[in-house]
Each structure stands twice: as structure tokens, then as C-alpha cells.
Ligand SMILES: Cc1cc2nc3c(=O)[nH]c(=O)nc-3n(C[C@H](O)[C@H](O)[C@H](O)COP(=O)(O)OP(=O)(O)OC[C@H]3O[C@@H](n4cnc5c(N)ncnc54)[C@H](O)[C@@H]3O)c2cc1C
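In C-alpha cells, one chain follows: the form predicted alone.
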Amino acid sequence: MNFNQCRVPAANIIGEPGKGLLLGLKRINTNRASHAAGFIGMAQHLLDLSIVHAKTRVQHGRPIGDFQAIQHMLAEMATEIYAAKCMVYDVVEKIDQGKEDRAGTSMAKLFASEVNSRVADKAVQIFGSKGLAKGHPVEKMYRSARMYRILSGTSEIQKIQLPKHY
């Protein structure tokens, strides 16, 4: 879509006239880092809910958290969340220092959104059919996690863009 000879009221202009796209592109790093932090927050909440459920849900006379398969899922969830946090902390520190790290923010957004999806999937496994019941917190986050792989540039777009930032 092209806009030729459009008049924009002065009150609606953000930044310098003709520099709006550049201003928007500069915000992409901050937006992607911010979204990645939110994805991690959701993943952490899913892990916390899963831990409580694993301690309280009893099967075969003991909490399901006693079973090695559940322990492995919780360990994988925690490990991936930790790795995603490290990436986001790194890019946020660079943003705070005024450095532009488009590759880092793209990688952090990509990784955090994918981690969030994997954590949500494991949470559904741990909760079983209860985790898929409409309106259950895990079910809601599971659906949202899928959307986050699209928000602020799909995972596939991030992978296409990353080589351009090296």
C-alpha cells in the first residue's frame, strides 16, 4: 500500500516527519525483548503450576511428582526457562547500555516463544485432560503460547532475518 500526498495532522506525527518507519524499527528490539520477557513469565507460571500439581496429584498411591517421567519434564521445563532468561537478561542489558543488538533480540524472542510453547505442552502432559479443559489456566496459556510464536514476527521470520544481522 502506498500513501502519496497524504496529510497528517501535526498532532499525529510521532518523531520527525518522514522518519516514522525508522523510529518504529528502532523500537523493534525493545518490543521483542519485552515480549520475550513476558513469554518467560508465562512459562515460569506454567512450571510453578505444574510443580504444585505434581506434588498434589496422586496416582498409584503416591504424588505423580515421584515418577521419573514427571521429574524429567519438570527438569526440562526449568532448564529451558533458565536458558531463555539468560538470553533475555543479556539483550536487556545491551538495550539499557544503548547498544543495538538486533540479532540478539531476534534470537531471544525466537527462543523464548519456542520455550514457552514447549513448556506449555509439557504442562498439559503433566495435568492430563484437566490441562485441556476449556477455561483451565493451563489450557488458556497453552493456546496463548501458540500465538506468541507469531507475535512480533513469526519464528520463521526471525530465522530468516537472523543471518542479515551478523
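Residues carry their position along the shown sequence, with the first being 1. Worth saying up front: this structure is predicted, and the values here are computed from it rather than measured.
Below, we turn to the form predicted in complex with the ligand, even though it does not appear here.
Novice: Residue 8 versus the ligand, in the predicted complex: is there a non-hydrogen atom within 4.5 Å?
Specialist: Result no; residue 8 lies far from the ligand in the predicted complex.
Novice: Would residue 156 sit within 4.5 Å of the ligand in the predicted complex, counting heavy atoms only?
Specialist: Yes.
Novice: Please determine whether residue 13 contacts the ligand in the predicted complex, using a 4.5 Å cut-off between heavy atoms.
Specialist: No, residue 13 stays farther than 4.5 Å from the ligand in the predicted complex.
Novice: Just to confirm, residue 150 within 4.5 Å of the ligand in the predicted complex by heavy atoms?
Specialist: Looking in the predicted complex, residue contacts with the ligand include residue 150, since a heavy atom lies within 4.5 Å.
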